[in-house]
Every structure is written in C-alpha cells, then in structure tokens.
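One chain is shown next in structure tokens, namely the form predicted on its own.
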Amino acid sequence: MTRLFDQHRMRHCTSLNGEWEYAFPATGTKIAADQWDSGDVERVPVPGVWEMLPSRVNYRGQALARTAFVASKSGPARLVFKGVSHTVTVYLDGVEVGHHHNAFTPFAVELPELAEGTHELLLCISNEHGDISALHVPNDYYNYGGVSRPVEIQFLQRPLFIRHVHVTTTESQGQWQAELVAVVRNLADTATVDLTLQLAGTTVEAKQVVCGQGDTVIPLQLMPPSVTPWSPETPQLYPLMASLTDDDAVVDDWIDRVGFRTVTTDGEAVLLNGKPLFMVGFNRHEDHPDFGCAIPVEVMRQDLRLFREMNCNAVRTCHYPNDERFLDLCDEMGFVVWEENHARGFAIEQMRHPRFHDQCESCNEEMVREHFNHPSIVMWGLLNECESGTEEGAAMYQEQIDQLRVLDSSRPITFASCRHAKDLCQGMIDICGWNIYSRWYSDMHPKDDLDALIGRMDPVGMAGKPLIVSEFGAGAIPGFHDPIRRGKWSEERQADILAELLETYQAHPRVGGLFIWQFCDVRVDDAWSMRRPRTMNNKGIVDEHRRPKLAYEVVKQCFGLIDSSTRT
C-alpha cells in the first residue's frame, strides 16, 4: 500500500512492491536502458535501497531496476511512485515514459492507453552527485539509491480521473466549514461528468462539469452539522470520499482523510484551533542501519511510540518531505508536523547551481500537492540553513516563500536559520526558527546566546512573531561513558548539556517551541566523516538502532513538565 488506508474502491490498484531485479554497470561505465546484461544483477526489495546489499553498501552511481506486471484488459492507467532516490528515467516495454528528480517527493506516469498483457517496467536510477542534482549533495545525512518508497499501478475505467481534492477547514462561532478544491484530469477528449464529495456526514455535488483535456478545477464548500476538531489530544479524522459519475455510473473515485483544525499565529504564539500550542519534539531523519531511508511502517510507528514515551507532541521532517505513511501515522497518533522542502546548508555558490531553481520549485509543488490534507502538518518550511544572509540568497528565499503561499495560504511558513550574525529573511516568514548549539559548538550560556540573537533579529523582522528553537543538542557516541570528566562525546556530557538547554529554553518567555537535534543517530556522507565520528551524526537521543542514551531520560523528564497546550 502507498498509504495506511485504501484510497480507491472503483479504481483498481495493484502494488508493485516486492523483489525487483537490479543491474549495476561495470566500474567506470554508464548504464542505459538497453544494457541490462552489462553488469552484475542482484535482487533488491521495493521499497528498499541498494545499500542494503553488502556488495553495494557504499555504492554511488547508476543502476537499472526492473519488474513486470499484467494488465488484464487494455485501457488507461497510472504508474504511481512515492519515491525513487534520487533521479530516475522510467521505461515501459523499452519506451521512455517519464523522468523525475528528488528522492523525497512522489510522481506519477500517466498512460492514456495501456495494452492488455504482460509489461516490463524498467527504471534507470542515479544517486550521483554533481551536475545532475542541485539538492542531493554530499551532506550531513546520506543520499541512498533505489526505489525507496512504494510503487503501484492504477488501472482507470476511463481516461478521466480525480487527481486530488484539497480541503481547507475554518471555524467561526463554533461552526466548521470546509473549502474543497477538486482537480479532475482528462487524458482524452472533452467529457461531461458529475462530481460528488462526502465529508463528515455532508454531501455536495457539482453537476454536468465539462472537463476538457488536461486539468479542470472544481471549487466547492460544505458545512458539516457537527465535528470534533483535530488536535494532539483528539486526533479525529474523517474520510473524504469523492466520485465521478457519467450516465449514472461511477467511473472513478478517490478517498482521503481530513481533520478539522485551524493553524494561525497571534503575536508570539502559534495557535491550533485558536488555542496556544507549545511544540516539543525532535528533528527526525528517515534513516536506519538495516533499511537506509526505506523505513518500514512498523519502524515508523515504533519511532513515534518513543516520541510519545518522551512526552513529545511534534516532529520536524528534516530536511525533506517525508514518506506519506509516516504522515498518516502522525495524523492518527496526534503529532504536529513541521514539514519542509529538500535543501540543507547551501552556500550561495550551491544555490547558483543551474538546476537549483527548477528542482526546488518542483519539490515545493509536489510536497504541498500530495501532503495538503494532512491535519498534522501545521507549517511549511524551506531552505534549512541556506544562505539567507545575502541579498542574492534572500531573493531566492522570497521566491520560494511566495510560491508556497500561492500553493497553500492556510498554513504558516517558516525556515530554520543559522545565520546568527546577519539574516535578511526574518520579515518574510510567519514563524521564526533558529538553530542554536550553545554548549556544543560554543561555550556560551544558552540564555546569553538566545538573548543576543533576539537582540539582533527582533529589530530586523523577528519581533512580534513566534520563535522556535528549531535545532539544539549535543553529540554522544553510543556506549562511550565518562562519568568523572564528562568529556565531549560521552553520554554523560550530552545528558548534561540537554538538561541545561531544556531548562533554559522552557523557562524563556520568548520561546514558542523546541525541536531537539535529533531523534536518532544517522549515517552521513563520507565527505563529513572527519567531523562525524563513526561517519554518523551522533547527536541522537537514541542510537541508530533506537537504543536510548542517557539523555533519553533527561528529555522524558523535562518534556513531561510542560503542559504543551498552555505552557504553564
């Protein structure tokens, strides 16, 4: 399944997950779609990454991946990929049918007429760095290779289908309202259909909608008689059911889950359903020593159980859009989410990459389009720790902020900055986020460090806005203990630093949320190995296998003292 629930009843969907064949080129050669027998062939699970193979644990390059499927009859179809890492060209029966960049956003290949019979699906995949990618670079996390998220084929009854329905919920004097925007895509000639939407016991219809070739946008609204608002305490979800009818016959359907909730800001406070929300949680990478970035749902669920055990209510999806099944779990379990686009730590030279603009724009569009209805997502983030301190960099921030506001005007926008001496973008955003590593990269007292930052940034756009400490923490090599000297990299020193930071930030009247860096230790690129013992970012509160360090109990105790809904 691509989600934790069935999204279609009329549309026939077949999972293409399972073992695929992978072919790797000989060293120093490039691979092409017609070169299947040119290299080694191995079997890799989908979802999965080729680093799971002992022979490819450090492989950066190209590969071919293939599988087969059967169409029981001819007709239109869609190939849906939730994530391929990181650049892929798609071939069907030897013919190129699609191309996509970015490991962390989904895409689909539409087939107006698929013949009956057996078909070969072949992907030419690359996780290489360089000219091919502005966003996947040697970084403080690892860029894996392979079909890392689920794949399915959807067989359509007509070359006409519901692309999506976006739902924005509002509340006034106790009455909830849902603004719905449906997109119907037509792969053939003009058709006339009826659209029916059902949500929270209410039905609305659009009759005799004329759908030309391409996308038709259909706005609707409904007011349910009674709903329970979504919140961390009551994560109530309602099924949204959409159907297309032609001559009284249902020709397509689409199902999602919706939570009724509002997210706003009021001065220095973030409000969820009109009430102050103090976010406490972790930055979390999609990384595991056994699965790479292709984490099974059972492991995702266990991660969130550990979050809950540590009294967290929030997660930041650093530094890319997450697997939608993880977001489904956040919806179900009541965790609020800061989701952000794919970029981390870029200097201005990297932001000048000729593909940076287009690849960021595509990432933003795919992230918002696919994840719009998740009530857990309370803000969109972008460009973590990129060059926000120059006029040229600030213009790039403004461009992407403007794009996100057009894509979704219902959520606040933020980003995490480390340009403490000079940041030019604080006036552009709704919520300010700062990465501050007091006691780790500097020996400053955390309150002095934070107060100095506020003194510099409030006059240049931060005043009167919510302030979140979006990253803070310290490293600890798992199992390294130094109870007397309490030296850096020991579990004792990490616990000491976290205790001081949490006590300081929780008491500071200006702080509106806390995201510890980070939940678990993660693999980093080899280029970072001299700064990261074990070639791992070791700042996790648990290690890469989710085994707690000493700081686990510190976090659990400190977060347990917070009433996150009122911060009193």
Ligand code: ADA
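Numbering starts at 1 and runs along the sequence shown. Treat the numbers as computed from the prediction; the structure is a model and nothing was measured.
The next section is about a form of this same protein that is not shown, the form predicted together with the ligand.
- Put simply, of Gln426, Asn435, Ser362, Asn143 only one has a heavy atom within 4.5 Å of the ligand in the predicted bound form, and it is Asn435.
- With the partner removed from view, the residue among Arg419, His371, His101, Arg344 that has a non-hydrogen atom within 4.5 Å of the ligand in the predicted bound form turns out to be Arg344.
- Residue contact with the ligand in the predicted bound form: Arg532 places a heavy atom within 4.5 Å of it.
- Not displayed here, the ligand is kept clear of Trp50 by more than 4.5 Å at the level of heavy atoms in the predicted bound form.
- For His136, no non-hydrogen atom is located within 4.5 Å of the ligand in the predicted bound form, even though that partner is not displayed.
- Residue contact with the ligand in the predicted bound form: Phe519 places no heavy atom within 4.5 Å of it.
- Comparing 499-507, 536-544, 66-74, 52-60 against the ligand in the predicted bound form, the single stretch with non-hydrogen atoms within 4.5 angstroms of it is 536-544.
- Using a 4.5 Å cut-off on any heavy atom, the one residue of 298-335 that reaches the ligand in the predicted bound form is His319.
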